[in-house]
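The chain below stands alone and is given as structure tokens, in the form predicted on its own.
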């Protein structure tokens, strides 16, 4: 079981204030319009007035690192939950954050790729949302987005492609929210120290707080590990566990640690890693190239070795989050195992034809393996033991508008 706890990474957080100001400027809002962060003394007094958030996780589960300038409170999480499910945050009020992140699917959407309010499809699959408080990076291919507070600006105001498409409509956004008595009460409760809490900074802080509250730590495998309940998973899943953490499959190298990813951070970390990997999914023309709209980390760095490198997502709740890979191009867990068993995907015809196993930039851990049909079934049984059914049924994470008119 030592491998399960083997990864130890730390998050070196950049300044929230400067990042929000930078991206807010790109979104069309002058930093001077945002309410400045309160002084440490004022912040401490305000936090004391708000009820602190209580984490729900098993004993021994790591505690997340929370930004000092955005402490968790019940009121802030509650406000963020309402905003997450509110379609007023999109251009035509037809989509909310939850439109692409469904609780029943561990906050993924079951689609190959999502479509924004303007009808333009996103090139990448909607990532599942859970245990985000532990993520040192937050998207498939951007190593610079390290804070939930700033990441939220992309779906709100990003233009390539547009998702919620609110660029230039910040005043309209807050007009919509101010008009709701519900939000008059909830913004003030979440930020009692602010004369006017209806600012982009406070909105993103509340959304980030709700997203950090999405803790998934009650799968059958968690009960097996943390509660030491030997009967929590099947014999097949135990055999699959041994395969997963073996040098035969090499799975644990990119999906190890308590969160089943090599990209995790918590209060006990000593250092941070932000790894990205090429899994041999494509090899256009035999040159190592990936489709032009999905080149991975290369899109930002333009370094040849970064072609096709993406962040390894957590495998928690993996049973619920099909289709798989950054572009949703693999339909089932069985197909995912076949992909890795082959050491990369072969596409025999069409514009993406190529032998992924010979991609020159492919990770050394993707080297292929042979499993019997029983071993494949065991590995899938183990992966399914990572499903947290209580997480997808948790009323604290559900749509607060479900029983009322939106």
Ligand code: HEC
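Please read all numbers here as calculations on a predicted model, not as lab measurements. Numbering follows the first chain given and starts at 1.
Just so you know, the form predicted in complex with this ligand exists too; it's not on screen, but the next bit is about it.
Put simply, residue 116 is close to this ligand in the predicted complex: some heavy atom of it is within 4.5 Å.
Within this chain, residue 383 lines the site of this ligand in the predicted complex, having a heavy atom no more than 4.5 Å away.
In the predicted complex, this ligand sits within 4.5 Å of a heavy atom of residue 139. Within this chain, residue 152 lines the site of this ligand in the predicted complex, having a heavy atom no more than 4.5 Å away. Stretch-level contact analysis of 220-228, 156-164, 191-199, 175-183 against this ligand in the predicted complex, using heavy atoms and a 4.5 Å limit, identifies 156-164.
No residue in the set 82, 105 and 215 has a non-hydrogen atom no more than 4.5 Å from this ligand in the predicted complex. Contact annotation: of the candidates 320, 75, 233, 254, the single residue with a non-hydrogen atom within 4.5 angstroms of this ligand in the predicted complex is 254. Scanning 369, 55, 352, 61 against this ligand in the predicted complex with a 4.5 Å heavy atom cut-off leaves one residue, 369.
Looking at 69-103, the residues that come within 4.5 Å of this ligand in the predicted complex, counting any heavy atom, are 84, 95, 96, 97, 100, 101.
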